[in-house]
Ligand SMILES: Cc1cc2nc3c(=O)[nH]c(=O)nc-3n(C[C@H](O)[C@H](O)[C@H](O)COP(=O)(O)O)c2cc1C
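Single chain ahead, by itself, as structure tokens, in the form predicted on its own.
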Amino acid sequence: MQFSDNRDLTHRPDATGFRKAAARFTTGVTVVGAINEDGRPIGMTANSFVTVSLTPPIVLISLKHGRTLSAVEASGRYCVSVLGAASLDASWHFSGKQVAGNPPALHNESDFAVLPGALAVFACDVLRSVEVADHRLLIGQVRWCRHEEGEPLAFFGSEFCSGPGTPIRNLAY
């Protein structure tokens, strides 16, 4: 493998280099929600979501320490709402930024904090929680899920984007 600059591969990357390299991976954008101890739905924007198993249906999220993680730990459940291109305001709002007009709100649906209009929703019971550096990995068994049609909201190069969602055809596998 040829590198464009001199690198000592025995040292770990600095935070800036790591962030820039990670930004080259396109991710979907979600809002992870939970019902807090006051019975109110709260949430945060996250792009660290992955399916782990189809049978049984299991997913994994990674959350920073804060009020959403505290609510997940107290309730033992979380909900992942996958955002569509039309939900950019929700992404900004749940990452702590101001948005014009009425901010989007999570709704309590059968004790899960759901974002209306999401492309997909995964309501999960926590199976396992693992502390890793300044985050917690939460492995959840999907209790119920649903999906809608629409254009995805994606994150690439530290910017939001969307695509036509056109599948690549004729793959040889």
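Model, not experiment: these values are computed from the prediction. All residue numbers refer to positions in the sequence shown, first residue = 1.
Not pictured, yet referred to below: the form predicted together with the ligand.
Contact check for Arg143: no non-hydrogen atom falls within 4.5 Å of the ligand in the predicted bound form. Under a 4.5 angstroms non-hydrogen atom cutoff, the ligand in the predicted bound form has Gly66 among its neighbouring residues. In the predicted bound form, the ligand sits within 4.5 Å of a heavy atom belonging to Ser62. Contact check for Tyr78: no non-hydrogen atom falls within 4.5 Å of the ligand in the predicted bound form. With the partner removed from view, the residue among Ser129, Asn36, Asn108, Ser48 that has a non-hydrogen atom within 4.5 Å of the ligand in the predicted bound form turns out to be Ser48. Candidate site formed by Met44, Gly96 and Phe160: every one of these residues places a non-hydrogen atom within 4.5 angstroms of the ligand in the predicted bound form. Judged by heavy atoms within 4.5 Å of the ligand in the predicted bound form, the contact stretch among the candidates 66 to 74, 108 to 116, 51 to 59, 121 to 129 is 66 to 74. Along 112 to 146, a non-hydrogen atom within 4.5 Å of the ligand in the predicted bound form is carried only by His135.
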